[in-house]
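Two forms of a single protein chain come next, each set out by itself as C-alpha cells; they are called structure 1 and structure 2.
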Structure 1
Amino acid sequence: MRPRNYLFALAAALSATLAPVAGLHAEEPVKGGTATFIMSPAPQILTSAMTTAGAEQVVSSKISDSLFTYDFNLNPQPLLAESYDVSEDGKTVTFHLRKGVKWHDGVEFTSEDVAYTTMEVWKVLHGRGRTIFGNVEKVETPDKYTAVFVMSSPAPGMLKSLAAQQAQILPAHIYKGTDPTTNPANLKPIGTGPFKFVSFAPGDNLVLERNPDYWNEGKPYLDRLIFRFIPDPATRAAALESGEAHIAPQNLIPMADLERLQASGDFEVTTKGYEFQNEMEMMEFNLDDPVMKDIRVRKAIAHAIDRNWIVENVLFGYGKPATTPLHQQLVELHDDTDVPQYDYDPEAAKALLDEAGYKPDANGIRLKLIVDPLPYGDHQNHIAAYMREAMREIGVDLEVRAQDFAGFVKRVYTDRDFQFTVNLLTGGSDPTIGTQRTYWTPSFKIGVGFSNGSHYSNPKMDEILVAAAAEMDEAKRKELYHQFQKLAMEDLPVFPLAAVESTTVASTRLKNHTIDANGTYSNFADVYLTPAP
C-alpha cells in the first residue's frame, strides 16, 4: 500500500500558492459573536447522510464533520481521517481515523461509525452514495481508529467525494438498530462538528452553538450560528442590507442585485467555493410517461429551448450553455467532440412534433404538457416561465406547476406523477459523484430523491458507467466518459441546459467563509465576525 500522508503535505504546499479568495484574511481571528446564514428552502431534516438536498447539506456540515475536506485543487485535507492508504490494485482503501474525537453526547467517534454509515446509509439511502459507494463490499474495523473499505473493483472517484455534504457520518450508537429515515436524531442531530444543535423551527430558523469540546482546539470562533429560511428573494437581499444576516450562498440573492451590493463596499461576491459542486441546470424527462417516452418529442423540446438566452437572462452570465451532462469545469473529462447538440431551432422542433403525430389543431395547439420546476432558489422557476413562452412558439401549451420542496420530491421520485422537470443537480468533482446517478439503471429506486428521475435504462450506458467508475488509467477513463457523453445526448433522457457558476454574497465583516472547495458547505470552524463599525 502507498501511504497518502504525502498528499496532505502536497496539498498544503499547493494551497499556499493560491491567490487570496473572498473571505480569506490573515488577521487574528475574532472570537465570539453570532453569524446569521440565509437559506431557502428550509431543510426537511438536519442530516445529509441520506439526502442530496442542498439545504440539508449546508446546515448539517456545520454539525457533523466528515473524513476530509478539499482544497481549491480538490486535494483532500484531513478532518476525521488523518490519512489513508490505497492498495496497488485499488480494491482496498484504509482510513486512519483521528483519535480523541467525541460525539456531542460525549461518546467516542470510532471506525464503527464509519462502517455503519457506509453500509447501512450511504449505500442504501443516499441518492449519490448508492453510486459512489456501490463498489464497497464491506468495511472492516480492525481497531477503533482504522476503517478498511474492501472493494469489488476500484473506485477512484470515491476519494473525491468524502466531504460532509456528500458523505456525512452518523453516530452508530444512535442509529444502529433503527430505521435511519425516521430516527429522532434527524431533527435533533448529534454530530462531531464545531457547532451543536440548539433548536429547529421548521420553515423558520435553526440555531447552533459553539461546541466547547471540539477536537480542533480553539475553534470554532463563533459563539452561535443561526440559519434563517427566507423564501422571498427580495426579503433575502433586504436581510443582508439591513445587517440582519451576513451570508447567502447558492445564487439565493437575485443576480440583478449583485453588482449593486458589491459596489456598496459592504458586501463581497464570490464564485469560489463551488469547485466541489459543479451544479447543472437540466430538464429531466419522465420516460414512463406516454408522451415523454417518444424521443422525437424530447428532441423537439430541446430544439425549442435557447440555452444562451437562459444563461444571459436567468443566470446573468454566471454560467455557460451546457453541451454535455458534464460541467465544463471538469476539464479533464468534459468533451463534446462529435456529441449530438440540439441548437435552438423552432422549425426543427415543429418538424419533429409533426413526425411524432402531434399536428396543430384549429388554435395552433399540438399538445399540452406540464413542467415541474425544482423549488430551490429562483432560477428553475424563471427557466420554466421562459419555457412556457418558448413552447407556445412550437404549438405546445405548457403548464408550470408550483409546489413546495417536499411536494416536488414526492411527486418526482415517489409518485412518478410528472412529465418533465427543470432540475438543479450537483455533478460533483467526479462523474461518479453526481452525474452517474442520473443515467445508471440501478440508481432508479422509488422514494430515493435526486437519483435516476427519468427512469432511464440502457445496458450499454450501464456498461460504460461501470467501466469508467473503476478505470484507473486516465486516458482510458477519459475515452469512456466521452462515450458516456455521446450516448447520453443521443438517448436524451435528460437535456442539460446550463453549467452553473454559483455565487455567495457575504458581508465584508464575515471572514473565512470561503477558504476551500466546499465553500459554504464547509464546517465554518474558521469563520469569524469582525465588530460592526
Structure 2
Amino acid sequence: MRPRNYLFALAAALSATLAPVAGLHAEEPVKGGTATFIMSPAPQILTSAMTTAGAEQVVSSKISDSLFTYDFNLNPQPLLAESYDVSEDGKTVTFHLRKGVKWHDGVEFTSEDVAYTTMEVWKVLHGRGRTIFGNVEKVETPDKYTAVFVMSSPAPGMLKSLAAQQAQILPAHIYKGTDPTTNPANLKPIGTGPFKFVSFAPGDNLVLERNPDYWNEGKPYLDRLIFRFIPDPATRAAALESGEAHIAPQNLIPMADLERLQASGDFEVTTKGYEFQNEMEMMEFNLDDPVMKDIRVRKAIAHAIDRNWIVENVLFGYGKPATTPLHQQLVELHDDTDVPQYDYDPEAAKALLDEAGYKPDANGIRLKLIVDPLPYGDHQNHIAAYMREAMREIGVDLEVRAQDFAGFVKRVYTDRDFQFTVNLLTGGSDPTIGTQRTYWTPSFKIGVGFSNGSHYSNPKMDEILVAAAAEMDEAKRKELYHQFQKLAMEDLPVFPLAAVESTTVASTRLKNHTIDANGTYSNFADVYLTPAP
C-alpha cells in the first residue's frame, strides 16, 4: 500500500499566480502599528476548539494556529502540519508536523497536542466535531512530529475542515485531565499563533500583541491587534469612519452603508474569504404538513418567488440566485446542468395550485399559509415580507410569524409546528459538513436544530449522499453530487433562494486581510497597516 503524499509547495506556487485578490499586496510590508478589528457578537470564551460560534472563531484563530489553512479553491496549505499522507484505502491519514513550534508559554508543540485535542475536544465538544471527526478511531503518535489518524472509513471531507475555525489545537499540557469547558485558559488562552493574549474585557474589547517567537520568522507585522465588540450596526460604521477601527467582516456593516463607505475611497469591500461558509437562504417546507406534502404546492410557491428580486433588493446584489442546493462558490461541485429550475412565473404557479385543488374563493384567496423566518439578522424577515406580497399575486394569503432564535428552533425542530421557513443554512466547505444534513434521512431527529427540518426521506437520495461522502475519486464524487443536485431540485423538500455573499469592509490602509479562503478567520500573520496619509 503506497501512500499518496501531498506537497503543499506546488499548490502554493499555483495559487500565488492567481488573479490579484482584495487586500493582497506585493509591496514591502510595513512593520508595527495597531490594527483594530470590529466584531459582534462579543465572544464569550477565547477558543474555538469547542464551539462553532463565529466570534470565538474569528478572535481565537489569531492566537492559535491549526494544521492547515486553505487557498481560495479550498486546497490545504501548511500551517502546523508541513505535509500529510493518505493511505490508498483512505483509512490512515498521517500528518507531519512542523518542528520547533512553541506554545506561548514556551512549551514545545507536539503530536501529543494534536492527539489530545482531536480525541477529547473536537470529537466530543465541538459543534461539528462529531460530523467531521466521527470516523477517527484513534490518533497515534509514533514520534513528537507525527500524528496518525486511524479511521473506521475514509472521510475526504475531514481534510477540508482543518482550519482554525473548525479545528483549533489546544495545549495538552494545560487542558489534559481538566474539564475543557471550564478550564481557565478558555479566558486566558495559550496558543501557537502569531498573536499572544494580553487582556480581555468581556463585552468590550480583546487586546493581543505580537508573538516575537512565532515560527514564521519576521511575522506577524502588526505590534498589536485589538478587537472591539460593537453591538450596534450604525456604531460599527461610525467606528470605521472615525478611524477608530480598520476592519469589519461578516456583514457587520449594514449593506445600505456599503456604497457610501466605498465611495469615500477610504474603504474597500470584498466578498472573498467566505468560501468556507457558503451560506444559503433556503425555504424548508415541512413535509409532515398536509398542505406542504403536495409537491404541486411546493412547486407553485417556487414559481411565485422572484429570486432575482431577493438578491437585488434584500441582499443589495451581494449574492446570486440559487440554482441548486450548493453554493456557486463550491466551484468544483456546484453544477446546475439538467437541474430543474423554477423560474418566476405566477401563471404557472396558479395552474399548479388549480391542479392541486386550491381554487380561488370569492376574495381570490386559494390558500392561507404561515411562514417562519429565522430571526438572525434582517434578511430572512425581509424575504418573508416580500413573499407575503408575492404570494398574494397567486392567491395565497401568507402570514409572517415572528419569534426569537430559541423560540424558532423549538417551533421548527422540536415542536414541528410550522409550514415552511425562510432559513439561513451554512453549506460549509464540503457538502458533508453542511448541506448533507438538510437532505439525509438519518439527519431528521426531533429536537436537533438545522438538520433536515423538512423531514425529507428518499432512499435514493440517502444512497447518493452516503456514496459521495466516502468517494475518494474526485470525478466520481463530482458526478454523485451532480445527481444529488438534480434529485434535490426534483423532489423540492427545500427551495434554495439565494447563495449569499458575505462582505468584509476594511480601511484601504489595512493590507493582506483576505489572502485565502479563511478570510478574516485566518491568523493575520501577514496583515500590515500602512501609515495614515
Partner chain sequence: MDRQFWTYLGRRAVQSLIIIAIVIVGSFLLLHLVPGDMVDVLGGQRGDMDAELMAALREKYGLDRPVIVQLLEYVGNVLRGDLGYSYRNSNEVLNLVLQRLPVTILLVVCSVITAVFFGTMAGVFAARHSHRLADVVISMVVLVFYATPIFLTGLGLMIVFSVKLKLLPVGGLMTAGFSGSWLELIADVATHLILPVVSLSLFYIAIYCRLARASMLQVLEQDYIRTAYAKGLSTYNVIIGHALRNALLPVVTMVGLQIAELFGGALLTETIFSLPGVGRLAYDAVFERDYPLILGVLIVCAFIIILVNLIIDILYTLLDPRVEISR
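Since the model is a prediction, treat every value here as computed from it, not as a measurement. All residue numbers here refer to structure 1's sequence, counted from 1. In this text, the rigid core denotes the largest set of C-alpha atoms whose superposition between the two forms falls within 1.5 Å.
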| note | The form predicted on its own is shown as structure 1
| task | Could you tell me which of Phe229, Ile446, Glu501, Phe418 sits at the hinge, given that one rigid part rotates relative to another between structure 1 and structure 2? | result | Glu501
| request: Note the number of degrees the smaller rigid part rotates with respect to the larger part between structure 1 and structure 2, based on C-alpha superposition. | output: 26
| query | After superposing on the rigid core, how many Å does the CA of Ile433 move between structure 1 and structure 2? | reply | 2.5
